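In structure tokens, the next block holds one chain alone, the form predicted on its own.
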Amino acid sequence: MDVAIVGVGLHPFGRTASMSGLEQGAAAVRSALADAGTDFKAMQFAFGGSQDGGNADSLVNLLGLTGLQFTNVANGCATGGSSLNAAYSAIKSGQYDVGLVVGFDKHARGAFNPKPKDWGLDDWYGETGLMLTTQYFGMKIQRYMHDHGISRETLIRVAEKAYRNGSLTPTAWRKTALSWEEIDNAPMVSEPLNKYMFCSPAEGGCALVVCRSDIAHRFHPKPIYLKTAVVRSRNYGSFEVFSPSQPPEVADSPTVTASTAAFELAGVGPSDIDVAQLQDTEVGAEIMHMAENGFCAHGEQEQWLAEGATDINGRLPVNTDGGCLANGEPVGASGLRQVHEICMQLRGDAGERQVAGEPQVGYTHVYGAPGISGVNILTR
């Protein structure tokens, strides 16, 4: 049984002082239900998650007490991808016909402040500063740049593209395009990454209505088909967020194993993808994830980005809505925002940022602590 996405809804990311995280999640659900031409009573199940915005299953207090199965999901920044994976499996198994996926959050201003003991780590890890993830990302991209010949100019190109795409996205948080000079001269945070090279914790909500593919046209004239949804965790030897050590031999990241499995299950390859969303917690992540997802070899990103290959009019448009850099990252919703954007692109409804040529196949990749990766492949 194939799975279709027949409704998408998004409450704009950023800061909405007048609404709680739950209220932003509910707004996204109502929008998705309206897009699918249905109502909450028709939903047979829901999977949803939030890190700081409240318990997702409490949404029933705002949407209706219908008795549906509602399961909370918590998997770091991969929460949205994990929720969609669960919904995909529920329909694929034949257990349900139609249901809901939702994510939302409302984070405090400033960097995330995780505690070592919550992640199975001793206090020394926090005392070194590594619980502040900007430090980890700075270290990881420094090593990658050294090993694969990536220049600082390439970091700037990723940020420049993100804010340019965000300026074309009505629901983005950062809607102002930034010049090369503005990005280059921004205050340093964790060498080599500066202020404009990181995403920010944010607020927002996103929701999807999913169903059996054979009933999809009852809900929407342009359903998008979810060919596969894969989530993988880290292997011994991969260097991930909150890794307390690094073995001498480096293993593939969970992104590599998730993407390999997704391509195999969907029966397509990297060259078949027309538009992609790749996790860009910071600019280095997008660069590394281009190779880890199989779209280029390590080191080829230097040439790809210099040529504009990942621009909206490039051969593989990446993060057409500005990604996390322009939208911010409400943890529970971020992975679903990626799917929302791919649905808009495949429907042909992305407005000024629409990829030309009627894209047929889309790809999303989300990555979260402590080394969780989720990949979805979608088609028209």
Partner chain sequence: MSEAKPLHEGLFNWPDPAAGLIGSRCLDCGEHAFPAQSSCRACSGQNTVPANLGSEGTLWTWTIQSFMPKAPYDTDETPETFTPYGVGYIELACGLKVESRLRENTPEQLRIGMPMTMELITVRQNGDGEELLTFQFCAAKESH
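Residue numbers count along the first chain shown, from 1. Since this is a predicted model, take the numbers as computed values, not measurements.
The form predicted in complex with the partner chain is left out here; the points below concern that form.
Of the candidates G294, G99, G76, G138, G138 is the one whose heavy atoms come within 4.5 Å of the partner chain in the predicted complex; the others do not. Contact with the partner chain in the predicted complex, judged by any heavy atom within 4.5 Å, is made by just one of E127, D214, E181, E307: E127. In the predicted complex, the partner chain sits within 4.5 Å of a heavy atom of H146. Taking the partner from the other structure, the partner chain in the predicted complex has a heavy atom within 4.5 Å of a heavy atom of P244. None of the heavy atoms of T228 is located within 4.5 Å of the partner chain in the predicted complex.
Under a 4.5 angstroms non-hydrogen atom cutoff, the partner chain in the predicted complex has S190 among its neighbouring residues.
Contact with the partner chain in the predicted complex, defined as a heavy atom within 4.5 Å, is made by none of I273, N313 and R315. Heavy atoms within 4.5 Å of the partner chain in the predicted complex map, among the stretches 153-161, 114-122, 81-89, 99-107, onto 114-122 alone.
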